[in-house]
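Coming up is one lone chain in structure tokens, specifically the form predicted on its own.
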């Protein structure tokens, strides 16, 4: 079986199981040949449970890598974009798409900007506007509810939501890229959380839910987008990828709770990678 050659563009948190540290193994187990382009190197992630973390911006190195890749005529079947630290890096994504993504390649964007109704530190309205423009150029858009609200200029509302609210938001998001969109953090009733997707081409909405567990599980958003990217690069249906990602993240959260591990360093995602492989070859 021929492997798609894919690129991951996001940060590395050196001691935590999030971002690049989870994207590479997830994409690899889904039979993708993974290439990496780190946007920043951090000692830990930037959550409130880690004060005084270190941060090294890698924009200058990205530019040098891109120039070398142009000499090598490298081409990618897919690109997965996560955390971008600046507007300059958003512009570099456009360059990567133009120069390295195959004509029929897939660009998956997790527009990391905020959560729980707030922008992450270091981002402002100008960044949101540039991210909104980038969304128009992607194949699959994967915001959470906060990021979706920012992208379409709506006020953030906490869960629960009605199906009509989610469908309206999905359609408005899909007007940006006119392809596929997926919302994470969707909940229609207490005790359940998941995702909802919309395909602009055939105008279909689907959703998938699992039990909601109390607590803060850093890295699960990165896991989710990695699973979606991995299945999309393998040309699997969007709804199938979403169902798999929701179930996988639920399994990972339950296993992490049972292990008693310190949650701030991330979740125990490795043990259930065989589930993803099984699902890959089921459809």
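Positions refer to the first chain, counted from 1. Being a predicted model, the structure only gives us computed values, none of them experimental.
The same protein also has a form predicted in complex with a small molecule, omitted here; what follows describes it.
Colleague: Go through 46, 28, 59, 239 and name the one with a heavy atom inside 4.5 Å of the small molecule in the predicted complex.
Modeller: If I apply the 4.5 Å criterion carefully, the residue I get is 46.
Colleague: Considering the small molecule in the predicted complex, which of 156, 188, 127, 120 comes within 4.5 Å of it through any heavy atom?
Modeller: Here the answer is residue option 120.
Colleague: Would residue 23 count as a contact of the small molecule in the predicted complex, using a 4.5 angstroms cut-off between non-hydrogen atoms?
Modeller: Flag for residue 23 set to no.
Colleague: Within a 4.5 Å heavy atom cut-off, is residue 107 in contact with the small molecule in the predicted complex?
Modeller: Residue 107 lies outside the contact set for the small molecule.
Colleague: Please run the contact check for residue 96 against the small molecule in the predicted complex: heavy atoms, 4.5 angstroms, yes or no?
Modeller: Residue 96: no, not in contact with the small molecule in the predicted complex.
Colleague: Would you classify residue 112 as touching the small molecule in the predicted complex, given a 4.5 Å non-hydrogen atom cut-off?
Modeller: Yes, contact at 4.5 Å.
Colleague: Which is the contacting stretch out of 38 to 46, 227 to 235, 64 to 72, 252 to 260, given heavy atoms within 4.5 Å of the small molecule in the predicted complex?
Modeller: In short, 38 to 46.
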